[in-house]
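Take a look at this single chain in structure tokens; it is the form predicted on its own.
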Amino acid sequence: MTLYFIGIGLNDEKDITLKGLETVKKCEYIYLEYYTSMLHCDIADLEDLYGKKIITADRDMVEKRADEIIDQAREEDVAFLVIGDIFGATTHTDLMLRAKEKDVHCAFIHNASIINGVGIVGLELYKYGRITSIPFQSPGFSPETHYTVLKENKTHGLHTLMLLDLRPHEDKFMTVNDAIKSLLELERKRKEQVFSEDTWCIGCARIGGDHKIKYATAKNLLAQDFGEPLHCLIIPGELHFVEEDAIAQWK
């Protein structure tokens, strides 16, 4: 028996690969990790295509009750579906390692993730530096990591991809506008000349689907409505002339 880790892409039920679909159809239990990203379709759409009932796996299940999934995979084929790629923006290495500790066989079927999906903007993927995320703030939790990462990447002339927080069960999604405001606030606090209203940025929404991409100064992007989630923010580093031509289409 096998625990299959299956990436299902970035947009809707049709983004699953043929190999992934064939595998899902033969599995007894189908879990969907549904707290680190979201699709632009309903779970019912997945079930109609797969012909299977889907069990949504929240953070508590994946991180604290993973043995329930693993133990089932000792007796039956189990699919663990991940939006995007299985080891892209969010890794599921811990689940894999725990399964292997119990001698449960694991198999992997990959798909597109935001990390390669952002290639559409025209920046060379191998010139991105460290990827960072911007989480929602809460009392006693005001992270500055994204500002620090941007500073480090800029030092080396590298592009910076910032992934924006989401809480699907609260219908709460961070926007490009929120991300820019966070960076401006940190600049006012730290005064390290890393980010300003004149910094050129690329705001992205719904990469892999009905995308919206805009290239402008931070000040101008603040006036944009990027619509439905998911959003991300890119701050370009040093540009090759081909990259300059490519991102100019989004001005």
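Just so we're clear, the structure is a prediction, and the values are computed from it rather than from any experiment. In case it trips you up, residue 1 is the first one in the sequence shown, and so on.
What comes next is about the form predicted in complex with another copy of the chain, which does not appear here.
Although the partner is absent from the chain shown here, 49, 125 and 158 each have a heavy atom within 4.5 Å of another copy of the chain in the model of the complex. Heavy atoms of residue 138 never reach within 4.5 Å of another copy of the chain in the model of the complex, leaving it off the interface. Contact check for residue 211: a heavy atom falls within 4.5 Å of another copy of the chain in the model of the complex. Taking non-hydrogen atoms only, residue 144 never approaches another copy of the chain to within 4.5 angstroms in the model of the complex. In the model of the complex, another copy of the chain sits within 4.5 Å of a heavy atom of residue 11. Shown without its partner, this chain lists 100, 74, 169, 181 as candidates; in the model of the complex, only 100 has a non-hydrogen atom within 4.5 angstroms of another copy of the chain. Residues are counted as partner-facing when one of their heavy atoms sits within 4.5 Å of another copy of the chain in the model of the complex; in 235-251 these are 242, 245, 246, 249, 250, in sequence order.
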